[in-house]
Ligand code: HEM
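Single chain ahead, written as structure tokens, the form predicted alone.
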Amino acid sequence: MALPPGSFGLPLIGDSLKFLRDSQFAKKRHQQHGPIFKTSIFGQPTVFMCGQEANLFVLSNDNRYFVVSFPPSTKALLGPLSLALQTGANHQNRRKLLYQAFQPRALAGYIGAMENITQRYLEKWVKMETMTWYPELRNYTFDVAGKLLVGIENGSETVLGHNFEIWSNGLFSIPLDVPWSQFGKAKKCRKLLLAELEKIIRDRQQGTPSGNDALSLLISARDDEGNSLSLEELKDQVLLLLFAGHETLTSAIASFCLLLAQHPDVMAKVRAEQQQFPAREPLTLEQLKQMTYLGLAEKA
């Protein structure tokens, strides 16, 4: 079959540099070539697809025509035991184990901590009057992820938070393994992060699991055969969860805030719905379920 339109760019590096430097890379190529185009990213022939039909085709044929894959830098920094890199039965088994920390009963126990952190940041933002959303939201989501996943307070202000930011910046970098490169710095920070996570995990294993964060639940989790996650697995999975609960959430909240600002009619309806709930009473899972319009606005 004929390949889609487009080009593979320069020898070896392809369009990697353009992809990393231009946030509108895919949009521009789609405008030039249509909904499907070919290129080369990180040394790999790559096809970009967009649109409802393309998404349905990809998501409906997982493990048939497609398998999940990541650039070499991402694989190296996530770690071999990360759920994101596992496939087949092993992926399903480990996913069931991780899900035990995110069942409705567990999620209900996280609401109080999330509300306290949110209130602290809202008070801070009101005093600032003007601010840049994205960096503030990065700190906010890492504080939430750090508290809910491993039980640390003010995670964005800790050494763990500093190392995490350098590590995450290298996830999709050129895998040049030298100390001064973005990837090299991220690789060093991965070792520091794993050492810190190991200390937290060992302290938690030696004590009584609090049950108030995901780590406690993951330590206690067992699969159908009664097996638990090993120390090495726990470190890689917690690192993945920190990333998943931080980077993607930051992007989603930033986009949500921008869209609300651009659509004042939607903002007014969101506010009207929120005014139905007593501001001085602690949030509950049932109240969150009743925020139906907010849920629709978030999905939109």
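In this text, residue numbers run from 1 along the sequence as written. These numbers were taken from a predicted model, which means no experiment stands behind them.
Just so you know, the form predicted together with the named molecule exists too; it's not on screen, but the next bit is about it.
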- Item | The unique member of 91, 191, 75, 162 whose heavy atoms fall within 4.5 Å of the named molecule in the predicted complex | 91
- Only one of 249, 41, 270, 234 comes within 4.5 Å of the named molecule in the predicted complex by heavy atoms, so just point that one out. 249
- Query: 221-229, 116-124, 81-89, 135-143: which one contacts the named molecule in the predicted complex at 4.5 Å, heavy atom to heavy atom?
  - Reply: 81-89
- Item | Residues 256, 263 and 294 all lining the named molecule in the predicted complex, heavy atom within 4.5 Å | no
- Message: I'd like to know whether residue 95 contacts the named molecule in the predicted complex, with contact meaning heavy atoms within 4.5 angstroms.
- Response: yes
- Message: Check residue 49 for me: does it contact the named molecule in the predicted complex (non-hydrogen atoms, 4.5 angstroms)?
- Response: no
- is_contact(residue 244, the named molecule) in the predicted complex, heavy atom dist at most 4.5 Å: yes
- Using a 4.5 Å cut-off on heavy atoms, what residues in 97-129 are near the named molecule in the predicted complex? 102
